[in-house]
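The form predicted on its own is given below as one chain in structure tokens.
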Amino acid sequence: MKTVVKSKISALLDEIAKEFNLLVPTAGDGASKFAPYTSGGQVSLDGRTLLPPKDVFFPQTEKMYKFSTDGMAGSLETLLEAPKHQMLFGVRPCDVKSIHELDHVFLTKGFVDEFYQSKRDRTFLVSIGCNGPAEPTCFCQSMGVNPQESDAVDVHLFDLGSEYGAVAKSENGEAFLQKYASFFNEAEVQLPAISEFALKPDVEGITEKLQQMFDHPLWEEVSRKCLGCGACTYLCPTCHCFDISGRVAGNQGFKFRCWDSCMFSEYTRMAGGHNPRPSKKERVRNRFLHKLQYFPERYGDLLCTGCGRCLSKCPVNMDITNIIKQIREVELA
């Protein structure tokens, strides 16, 4: 396996930044997130970021179209810019899985979102494995994620202590390791054992169980303490609800989309005032059914990667692992 000493990572990133728009985990501005790399800047490679990397492909606010009118005539232009080739360096396996889930939503089932695709196709992924839970709230292993390794990337790095072990996962990854070969050595390595996860929700058969629980009183109980703040959806690496709005000035305007949340009462409110999810119960139920039933039925994967962000930041400590436990304890007639 190729290895790189951790003390050389800054020099390696300096070289990468000459070719790519390089995005790395940073801890500035009060919240860790992926941000453009600056030489000598703070790079945080010790764990997952608080804010997930989904906004790299699915920005929180994104202009889509501009239009103009002239009498009965008009014009419409797609605001699709081809971004410079970019690299996400230091993505954790749980977030790699989340990108795969977003690919399902934006690139499959007969429709391709060109705004998402334009950024996804031009992004080189370098992941870093975890040798155990990065945070006490992590439970990725229970959601089918290997915390130590990712496959759907270009290059994966194993944390070996003072070094990273590097493995190419694509042809582009092979070319990358050859191009920057001066930073790497060849060595026989043994991967560290994965330390124990404290949280181990059992999701075996959870989708089939939920198919029988749409009207179960559990949802009233679960939703009681929810504030409807939407923090869980904004921190979640797989939530992808959005709204499309517009701005018009004179005979010109533009359309843009921005993140929305199924936890907000306005999200499903119709023009006539009717709301099919009128209370917290319906909204909380929808969130968990989407994660654990609807998405698996449509795409074959759970829409939760076990990153633990929602557990760590929910102001009232709503815990999806505990909700899964309660679902499993329900006795159905």
Partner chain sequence: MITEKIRAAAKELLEKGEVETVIGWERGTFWYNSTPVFISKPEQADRLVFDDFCANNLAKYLLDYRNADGKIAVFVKGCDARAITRLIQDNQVKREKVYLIGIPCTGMKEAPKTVSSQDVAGLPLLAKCQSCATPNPVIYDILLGDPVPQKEVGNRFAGVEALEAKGADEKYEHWGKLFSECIRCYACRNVCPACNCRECAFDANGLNWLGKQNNLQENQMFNMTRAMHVAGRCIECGECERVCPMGLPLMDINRKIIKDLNELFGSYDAGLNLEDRPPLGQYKLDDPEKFM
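What you see is a predicted model; the values in this text were computed from it and never measured. Residue numbers count along the first chain shown, from 1.
As for the form predicted together with its partner chain, it is not shown, yet the points below apply to it.
Enquirer: Determine whether any heavy atom of Ala11 comes within 4.5 Å of a heavy atom of its partner chain in the model of the complex, and answer yes or no.
Expert: So Ala11 does not count as contacting its partner chain.
Enquirer: Report whether the minimum heavy atom distance between Thr137 and its partner chain in the model of the complex is within 4.5 Å.
Expert: Output for Thr137 is yes: heavy atoms within 4.5 Å of its partner chain.
Enquirer: Does its partner chain get within 4.5 angstroms of any non-hydrogen atom of Lys54 in the model of the complex?
Expert: No, no contact at 4.5 Å.
Enquirer: Can you tell me if Leu302 lies within 4.5 angstroms of its partner chain in the model of the complex, counting non-hydrogen atoms only?
Expert: Flag for Leu302 set to no.
Enquirer: Looking at Ala152, Leu191, Cys258, Ala181, which has any heavy atom no more than 4.5 Å from its partner chain in the model of the complex?
Expert: Looking at Ala152, Leu191, Cys258, Ala181 one by one, just Cys258 meets the 4.5 Å heavy-atom criterion.
Enquirer: Its partner chain isn't shown here, but in the model of the complex which of Gly165, Gly230, Pro201, Gly173 has a heavy atom within 4.5 Å of it?
Expert: Exactly one residue meets the criterion: Gly230.
Enquirer: Pick the stretch from 173-181, 258-266, 121-129, 92-100 whose residues have a heavy atom within 4.5 Å of its partner chain in the model of the complex.
Expert: That would be stretch 258-266.
Enquirer: At a 4.5 angstroms cut-off on non-hydrogen atoms, which residues of 308-323 are near its partner chain in the model of the complex? List them in order.
Expert: The stretch 308-323, when checked against its partner chain in the model of the complex, contributes Leu311, Lys313, Pro315, Val316, Asn317, Asp319 at the 4.5 Å heavy-atom cut-off.
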